[in-house]
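Form predicted on its own, single chain, as structure tokens, below.
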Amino acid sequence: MSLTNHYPLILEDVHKVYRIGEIIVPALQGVTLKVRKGEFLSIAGPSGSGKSTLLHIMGLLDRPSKGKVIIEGKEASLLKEREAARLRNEYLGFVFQAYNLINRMSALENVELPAIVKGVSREKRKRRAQELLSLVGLGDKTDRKPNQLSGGEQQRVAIARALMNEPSIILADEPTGNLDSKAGGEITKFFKKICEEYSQTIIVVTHNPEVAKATDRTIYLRDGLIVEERVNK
């Protein structure tokens, strides 16, 4: 198996500097990281440590000031915006703290959205959306609008949507942040199940130590640097 197959995401000496007028703010100061296929990885650290910046760079939503971002063997940091968008839609799925569902659309229609962008046929995408909603325990609520679902159910719809295009990597930004402990625990169990049963790679940014403990490995950031790495048993 090639290095790429082992590591769908590789970061090499990634830096990110923001300029606010004449002030230079270093958000990342040389992050090097390899994420294994099928790994459930958490990124933790205090506010301002660079967690969200790192996730945005991994998701091709921002570009590093220096360093390499390699996704499935492709050096994404060199791509033009249109090429990066294509790579993002093909290889990456996203889950956000605020769910980001479209209220006028049903759960099924929300899950279909990434496949519409990709140009998948109506019949094929509806069938897959139904399968994914069943996978996350919402097979009987496909016609419900987001405002007819609980917070935990909305987040499960968001997870199904993230899986729609069979991405190599799912990036989740504080996915349990708006949920109570019970619903948050259920979301974490879904992530773990998806990793174990489908060899799905999931990277989650979290402030929650219980979520971090449930992952395979935790990377701790401080001042834009990896200061600790912990394998969770």
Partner chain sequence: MKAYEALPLALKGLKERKVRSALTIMMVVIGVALMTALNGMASGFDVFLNKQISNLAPNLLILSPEPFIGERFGSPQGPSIVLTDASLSILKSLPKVKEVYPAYIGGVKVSSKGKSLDKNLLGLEPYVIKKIVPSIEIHSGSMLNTGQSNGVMLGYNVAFPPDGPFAKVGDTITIEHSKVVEQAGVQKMVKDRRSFFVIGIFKPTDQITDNMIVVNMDVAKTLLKKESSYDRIYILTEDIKDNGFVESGIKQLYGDLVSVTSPQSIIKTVQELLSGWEAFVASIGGVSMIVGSIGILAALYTSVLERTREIGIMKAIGFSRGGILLLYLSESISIGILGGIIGLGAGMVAGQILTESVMRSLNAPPIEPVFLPESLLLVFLLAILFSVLAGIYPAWRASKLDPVVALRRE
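This structure is a prediction, so every number in the text was calculated from the model and none was measured. Positions refer to the first chain, counted from 1.
The same protein has a further form, the form predicted in complex with the partner chain, not shown here; the description that follows concerns it.
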Query raised in the report: Looking in the predicted bound form, is the partner chain within 4.5 angstroms of a heavy atom from every one of Leu61, Phe94 and Arg125?
Result: yes
Report task. Given that the partner is absent here, state which listed stretch (68 to 76, 86 to 94, 127 to 135, 148 to 156) has heavy atoms within 4.5 Å of the partner chain in the predicted bound form. Result -> 86 to 94
**Report entry** Contact label in the predicted bound form: Gly119 to the partner chain, heavy atom within 4.5 Å
**Finding:** yes
Query raised in the report: Just to confirm, His56 within 4.5 Å of the partner chain in the predicted bound form by heavy atoms?
Result: yes
Query raised in the report: Is there a heavy atom of Asn100 no more than 4.5 Å from a heavy atom of the partner chain in the predicted bound form?
Result: yes
Report task. Please check if Asp143 has a heavy atom lying within 4.5 Å of any heavy atom of the partner chain in the predicted bound form. Result -> no
**Report entry** Contact set, 151 to 166 vs the partner chain in the predicted bound form - heavy atom within 4.5 angstroms
**Finding:** Arg161
